[in-house]
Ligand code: NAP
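One chain follows as C-alpha cells, the form predicted alone.
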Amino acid sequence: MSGRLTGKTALITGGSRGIGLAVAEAYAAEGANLLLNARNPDTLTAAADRLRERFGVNVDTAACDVVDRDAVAAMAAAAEARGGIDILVNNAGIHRARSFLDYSAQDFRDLFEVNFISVVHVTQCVLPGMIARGGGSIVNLASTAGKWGTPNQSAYNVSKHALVGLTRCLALEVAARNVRVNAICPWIVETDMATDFIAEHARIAGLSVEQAATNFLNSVPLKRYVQPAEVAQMAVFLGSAESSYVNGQSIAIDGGRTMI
C-alpha cells in the first residue's frame, strides 16, 4: 500500500460486486475509508466485511436504490455527519441490448434513470459537502458506449452519452470550487454483466455465445477484455492528487479499439 488515498473517504455506488468492488479494493489498498452502496444488503455486508478484514480500513454501508432521491439524500446526510465524502465514484448501472425497434419506451426510461438520473441524485447530494470542505473528486463510470455509436444498444448508449456530457459540463461548473469531475469509459469489462452483455448480443445476431465472444475479441487489438482491476487503477489515479490537473476528461480503456 502506497497510501495515495490515506485520509480520504470514498463513496462507491454499486460497490458490492464487479467494477465497483474492484474499485473498493483498490481504494482500500491505498488507505481510503469507504462508504459502499448497493441495493442488496446481504452482498453489501459481505463485501464490507471482506474489505475490513483484508485492508483494515473503515467501511460503512448504505443499502439503497440510487434511483430513489430521498434514500440518496439520507445516505449523503449520514455520510456528512461522519465527516463527509472526498471522492465519489458513480458506478451503479445496468445494461440491456435490443434492436432499436425492440426497445420499449420503458427500456429507455429504465436505462436513463439508473445510468444517468441516479448519478444526478448522488452527485447533487454529495457535491455541496465537497464544496464546503474545499474540494473533492468525482469519478463517473461511463463506457466506450458513451463515446461512439454501436448497434443494438441505443438506449444504453444514450444513457452513457448523457453521462459523458454531464461530466464535461459539471467539470467546468465546479472547477473553481476545487472539485474535479472525470469519467472512465471502459470497453467490455470481464464481469457478470459482460457475460450477460455477450449473451444478449449473441441472441440478437443469431449467433452462439462462443461466436459472439470471438467476434468481440477479434475487434480489439489486445484480443482480450478489460479486467476490473485495470478500471480500478484508473479510478485510483482520478481520485488521487496524482491527477490534480485532470478535469472534464472521459478516458477510454479500450485496448486500442478506437484506433481501428
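Remember, predicted model here, so these are calculated numbers, not experimental data. Sequential numbering from 1, following the sequence displayed.
Unshown form predicted in complex with the named molecule; subsequent notes refer to it.
- Shown alone, this chain has one stretch from 153-161, 76-84, 100-108, 175-183 that lies within 4.5 Å of the named molecule in the predicted bound form by heavy atoms: 153-161.
- In the predicted bound form, residue 10 stays away from the named molecule, with no heavy atom inside 4.5 Å.
- Contact check for residue 71: no non-hydrogen atom falls within 4.5 Å of the named molecule in the predicted bound form.
- Mapping the unseen interface onto this chain, residue 64 counts among the residues with a heavy atom inside 4.5 Å of the named molecule in the predicted bound form.
- Taking the partner from the other structure, the named molecule in the predicted bound form has a heavy atom within 4.5 Å of a heavy atom of residue 93.
- Interface residue among 219, 40, 227, 58 relative to the named molecule in the predicted bound form, by the heavy atom within 4.5 Å criterion: 40.
- Taking the named molecule as it sits in the predicted bound form, the stretch 4-28 comes within 4.5 angstroms of it through a non-hydrogen atom at 14, 15, 16, 17, 18, 19, 20.
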